[in-house]
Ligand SMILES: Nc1nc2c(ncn2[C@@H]2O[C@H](COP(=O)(O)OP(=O)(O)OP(=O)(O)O)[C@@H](O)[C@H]2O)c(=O)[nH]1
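Single chain ahead, written as structure tokens, the form predicted on its own.
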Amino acid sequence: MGSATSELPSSRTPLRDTAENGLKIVVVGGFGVGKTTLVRSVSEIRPLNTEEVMTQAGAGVDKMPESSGKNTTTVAFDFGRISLNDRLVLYLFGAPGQKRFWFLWDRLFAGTLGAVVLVDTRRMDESWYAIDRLEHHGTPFVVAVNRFDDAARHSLEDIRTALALPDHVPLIDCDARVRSSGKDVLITLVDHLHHLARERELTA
């Protein structure tokens, strides 16, 4: 992933009068995987974020690839909003990725209907905790591979195997900087939630 920056809304988009359903969605993943970028790129309002400049004191704790160029970090959560259609609104919460903030995740999952696990193939082991916690809470999720330019191009099949993902969990590529790509991830999640809901109705 090169030097391109994420897209930001030029102005605040009011919530539509026709909006009937609001879903809480959490974006989780390892440190520096692109969660803030994803929320920022898809949000139709200026996203709330709690980024702080990384200091030398945290250099040995928050480890990033040297090529990342990342100099800020989320210390609480990011928040954004996107309307997928006239009736359906998603409220997005980006969780902090550093291990010392993982204790916040369980609280953030409260009331969450679904989640996006964002993956960096250079550090796939940092995705396991997110997947484990979501499975523990019984929260449906999709996995999106944020393709960085300097990362090896592993196939989705290889990534599924490495993460031990069941076949029913959607796995897709994305570019967190691009609004249309991020929106495709969220649509995939909503379709997954609808599919699970239909399955529950058929077995009820």
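Residues carry their position along the shown sequence, with the first being 1. Every value quoted in this text rests on a predicted model; they were computed, and no experiment measured them.
FYI, the form predicted together with this ligand isn't displayed, but the following is about it.
Novice: Site superposed, this ligand placed from its pose in the predicted complex: open or blocked, blocked meaning at least 3 ligand atoms within 2.4 Å of a backbone or C-beta atom?
Specialist: This form leaves the site blocked.
Novice: My question is simply whether Glu157 lines the interface with this ligand in the predicted complex - judged by any non-hydrogen atom within 4.5 Å.
Specialist: Answer no; every heavy atom of Glu157 is more than 4.5 Å from this ligand in the predicted complex.
Novice: Does any heavy atom of Gly30 come within 4.5 Å of a heavy atom of this ligand in the predicted complex?
Specialist: Residue-level check for Gly30: yes, a contact with this ligand.
Novice: If you check in the predicted complex, is Ser43 within 4.5 Å of this ligand, heavy atoms only?
Specialist: Because no heavy atom of Ser43 falls inside 4.5 Å of this ligand in the predicted complex, the answer is no.
Novice: My question is simply whether Ala176 lines the interface with this ligand in the predicted complex - judged by any non-hydrogen atom within 4.5 Å.
Specialist: Contact with this ligand, yes.
Novice: Could you run down 123-156 and flag each residue that has a heavy atom within 4.5 Å of this ligand in the predicted complex?
Specialist: Those in contact are Asn146, Arg147, Phe148, Asp149.
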